[in-house]
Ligand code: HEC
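This document opens with one chain alone, in structure tokens, the form predicted alone.
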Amino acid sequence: MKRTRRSLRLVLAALLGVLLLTACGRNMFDQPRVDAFDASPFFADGSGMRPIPEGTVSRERGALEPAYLTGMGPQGFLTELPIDLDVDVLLRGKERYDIYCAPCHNYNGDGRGMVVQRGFPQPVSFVDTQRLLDAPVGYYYNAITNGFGRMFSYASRVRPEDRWAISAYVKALQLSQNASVSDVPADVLSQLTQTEAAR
């Protein structure tokens, strides 16, 4: 009898404990808050988000110029690379281009890559289309970052420095496919002519 009463008391205490715990409800989860981009009457400007204080430096990217991350300057697309151009940058750009771009754009930039040969819509040729030949290097960086037409954004797949390397390589690829003898510097042309004559 004592054992039954004791068991009953334990069951009742456990049940009471469970009922007390459920009384908390979801009020801790559903408390008032302001999400990003929500309006708020608390601040005079009516915005729940606060402006970034002047001089704030990104933990991820440091104190980079916005143009480096967007390809856009005050006058539009950047016409000059914001990084130093050397052979290593072009080689890195070629490597990244071959991985991410060549499946559609092809290794020579004509837009007839392997994916296109399997039925995917063909992109415009980098090397034959005057609009793309005239496009500044920032245009290519911006297209890689944000996507263009059927091409999705590569911002999450390709680091900004590699996007600049690819953009530089595309411009070099265009030059290589459309160069003429008049583009060769006079001293280099003289050397080539002498070498050819010596053969």
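From 1 onward, residues are counted along the sequence shown. Just so we're on the same page, rigid core means the largest C-alpha set that superposes within 1.5 Å between forms. Treat the numbers as computed from the prediction; the structure is a model and nothing was measured.
What follows is about the form predicted together with this ligand, which we do not show.
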4.5 angstroms heavy atom contact with this ligand in the predicted bound form for residue 168: no
Residue 124, heavy atom within 4.5 angstroms of this ligand in the predicted bound form: yes
4.5 Å heavy atom contact, residue 132 to this ligand in the predicted bound form: yes
Proximity of residue 101 to this ligand in the predicted bound form, heavy atoms at 4.5 Å: yes
Residues within 4.5 Å of this ligand in the predicted bound form, restricted to 146-161 and counted by heavy atom: 148, 149, 150, 151, 154
Threshold 2 Å Cα movement between the shown form and the other one for residue 151, core superposed: no
Core fit, then residue 134 C-alpha moves 2 Å or more between the shown form and the other one: no
Post core alignment: residue 38 C-alpha displaced by 2 Å or more between the shown form and the other one: yes
Pair residue 35/residue 156, Cα separation in the predicted bound form versus the displayed form, closer or farther by 3 angstroms or more: closer
Distance trend in the predicted bound form - C-alpha atoms of residue 156 and residue 37, change of 3 Å or more: closer
